[in-house]
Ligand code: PHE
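Let's start with one chain on its own, the form predicted on its own, as structure tokens.
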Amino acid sequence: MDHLLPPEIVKAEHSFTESLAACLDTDALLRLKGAYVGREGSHAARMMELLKAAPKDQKRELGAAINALKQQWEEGLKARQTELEAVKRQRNALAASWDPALPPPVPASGALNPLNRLMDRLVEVFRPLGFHVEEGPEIETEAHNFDGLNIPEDHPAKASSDTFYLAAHPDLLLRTHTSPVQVRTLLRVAKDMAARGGIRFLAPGRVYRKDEIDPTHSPMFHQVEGMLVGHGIGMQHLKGTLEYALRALFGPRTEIRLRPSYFPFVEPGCEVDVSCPLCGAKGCRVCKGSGWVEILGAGLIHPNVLKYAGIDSAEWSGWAFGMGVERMAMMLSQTPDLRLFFENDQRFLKAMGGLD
């Protein structure tokens, strides 16, 4: 059609659709109708004047093209009028149903995920004991993730079947625990350890392992680790600190027990159990009838870990612990599937106190 119409009419044809969509009420639509198909001064009127002045042998084809374009405009205007009338009816119906005595709608407010709130709670429990928070990168080196923690070369955790290594940088990996923060912090403070008189901190954060996703496993999860280094630190200090912290979390009647266990970065190492907070240590499904629930791993810092950071293990000693946040959250809330913590289902979050 464009090759039969003068340039000014072709331009009007191309702008019609955009102008039509910009009409948001019937007044604007009436103005557009007058500009395009009105009797005087409109694009349609100018097209008829061009038709009269056209050579006789072009009048038939030009007239057909003008009529088709005019019909296209009229149909578009009619369809848009129908749409605007429907919107107006909908607004009128809504206005008629509005009760000014009702309170205004309040949008739903978000909140921290239960896992983040639990980690914040752990930080607040340890803060009165002088612990501060240290952070580290989630992409780590083998040296910080393994070597500085006295993990041997043949340890299974170093296998690519357990750890996410970066293809472009094989010496880099997604950290498998928050313990590299311990290594980085000890390396940073080693020179002024004497002036500090020791150090104590927590390291909360995300970690990654090659686990299949199921109700109790995920390739991404959270840990909170703690470390204390000072003079004459022993297992009695570790037990006393954990007893204080776990009673603050689970209740003043909570009992703890330490069972011997092996971790490369502590010696001696132990698993720490708490008396089941859900049944009062009487025996239930969560504690499998034993009255005890495993909650974290801990131990005295291995001398090789201190040596790697340049700290004299004959002068300094300390302890460290690490706990899985999802495991603790599942136990406290009796949630059977850890995937619920990551799905942002508002019904679950509301039940967990995550939405007001």
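In this text, residue numbers run from 1 along the sequence as written. The structure displayed is predicted, hence computed values, not measured ones.
This next part talks about the form predicted together with this ligand, which is not shown.
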{"property": "Contact assignment for this ligand in the model of the complex, among R247, R209, K239, R80, heavy atom within 4.5 Å", "result": "R209"}
{"property": "Among the candidates I311, A320, L32, M328, the residue which, in the model of the complex, approaches this ligand to within 4.5 Å (heavy atoms)", "result": "A320"}
{"property": "Partner-proximal stretch of 72-80, 185-193, 172-180, 117-125 relative to this ligand in the model of the complex, 4.5 angstroms, heavy atom", "result": "172-180"}
{"property": "Interface membership of F146, this ligand in the model of the complex, 4.5 Å heavy atom rule", "result": "no"}
{"property": "This ligand contact at F265 in the model of the complex, heavy atom, 4.5 Å", "result": "yes"}
{"property": "A298, heavy atom within 4.5 angstroms of this ligand in the model of the complex", "result": "yes"}
{"property": "Partner proximity in the model of the complex: E225 to this ligand, non-hydrogen atom cutoff 4.5 Å", "result": "yes"}
